[in-house]
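Next up: just one chain, as structure tokens, the form predicted on its own.
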Amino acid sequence: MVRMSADEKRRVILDAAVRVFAERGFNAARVSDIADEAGVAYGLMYHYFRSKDEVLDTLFLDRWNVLLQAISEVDAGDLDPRDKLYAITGFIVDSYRHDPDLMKVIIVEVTRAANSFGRKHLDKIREAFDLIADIVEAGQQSGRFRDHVTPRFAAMAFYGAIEQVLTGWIFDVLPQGDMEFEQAKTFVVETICGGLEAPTTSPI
């Protein structure tokens, strides 16, 4: 029998929680359900997490911090503002493609849960909007984007468009596959940037 380290056991529990939350929903899930799915003793759950809420907090914060880091790295690169927004869209879409259950849990149970976890993590969620707003503002200052829309509103509309597409996939109201994933990256950027970009001057 292979003995797992503490970090490995913690990871097994978190992975099991994703599957349970995605299938049953956070409110209907029990700590014992997570323990059964993880194949660990019920009491061991409380050695790593004080509550079911802490498990969800951990899942969200771990993934959201990865997103914040990805946005910061994209912004630090030498890309056109539109290409930066495309790269961010690509990262989020690919995150869903590779781990749809985790993205379902984050969106349904946290970012869309305005009266519970969403409100609890509002400041953390706003960090992503602020980073995206910085990209929009830089595009406006360079003349690449028009300035008739505030950067923060544009950032919220941009992320909201991505989240709505993911929601469509989560609830099977939009087709999904490799082609649709790639199309979504382009469609989101075309939709948002089409309303942001400054018109080019036509040659006379």
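Predicted model, so just to flag it, every value in this text is computed and none were measured. All residue numbers refer to positions in the sequence shown, first residue = 1.
The protein also exists as the form predicted in complex with another copy of the chain; that form is not presented, and the subsequent description refers to it.
The putative spot formed by 112, 152 and 157 is fully lined by another copy of the chain in the predicted complex; each residue has a non-hydrogen atom within 4.5 angstroms of it.
Not displayed here, another copy of the chain is kept clear of residue 17 by more than 4.5 Å at the level of heavy atoms in the predicted complex. Contact annotation for residue 51: none of its heavy atoms lies within 4.5 Å of another copy of the chain in the predicted complex. In the predicted complex, no heavy atom of residue 176 sits within 4.5 Å of another copy of the chain.
Using a 4.5 Å cutoff between non-hydrogen atoms, residue 88 does not count as a contact of another copy of the chain in the predicted complex. Contacts between stretch 11-45 and another copy of the chain, counted in the predicted complex as any heavy atom lying within 4.5 Å, involve 21, 22, 23, 24, 25, 27, listed in sequence order.
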